[in-house]
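Coming up is one lone chain in structure tokens, specifically the form predicted on its own.
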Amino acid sequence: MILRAKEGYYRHPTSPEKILRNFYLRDAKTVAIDLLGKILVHRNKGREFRAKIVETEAYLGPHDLAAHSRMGKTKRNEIMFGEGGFAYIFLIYGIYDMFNIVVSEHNDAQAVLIRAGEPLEDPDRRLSGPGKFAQGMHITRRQNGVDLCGDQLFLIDGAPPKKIKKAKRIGVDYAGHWKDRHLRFYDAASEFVSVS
């Protein structure tokens, strides 16, 4: 069963499209599904970048052997142990910044990785795959810890996909039985979903 946010429940009263904190204070699986179709806005150096989210992966906390929080709190992942609604960005392979959204309550350490998006103002911008998504949206580790309820990096409402598919997460073969869990979600009709 796919849980959806109640219509209007997570909207800001004076900026009705903007997503509020309580949207993020839920489990990673629910938020990962509800993020599909939402619009990520990044205001950077006088420019505004927008993308519709079309693919996500849920990381369910310290018991999830694929989650960064599985080894406890470290300097790298400490933002995951805070309240939901903040950016968690880390470097992978020494090359790519990866944009995640911290979700759930304080000390629950869950997050959602944004794997792909559809560019809304520049169709040539490549946002398929988590490294390309962050790069194309001009998101770097400098935004680690940014409050997604602020005015620099935030989400606004968008139309949810008509059909959502789920699959195994990518690149988590080290995670024991967790590698087989279907915690990747994507818009079945989108041409911008990453290649798995």
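Note that the structure is predicted; figures quoted are calculated from it, not measured. A residue's number is simply how far along the shown sequence it sits, counting from 1.
A second form of this protein, the form predicted in complex with the DNA, is not displayed here; the remarks below concern that form.
Contact check for Ile170: a heavy atom falls within 4.5 Å of the DNA in the predicted complex. Shown alone here, Phe154 lies farther than 4.5 Å from the DNA in the predicted complex, counting heavy atoms only.
Among heavy atoms of Ala67, some come within 4.5 Å of the DNA in the predicted complex. Heavy atoms of Arg76 reach within 4.5 Å of the DNA in the predicted complex, making it an interface residue.
The stretch that touches the DNA in the predicted complex, counting heavy atoms within 4.5 Å, is 127-135, out of 39-47, 159-167, 127-135, 26-34. Residues of 108-124 placing a heavy atom within 4.5 Å of the DNA in the predicted complex, in sequence order: Leu113, Arg115.
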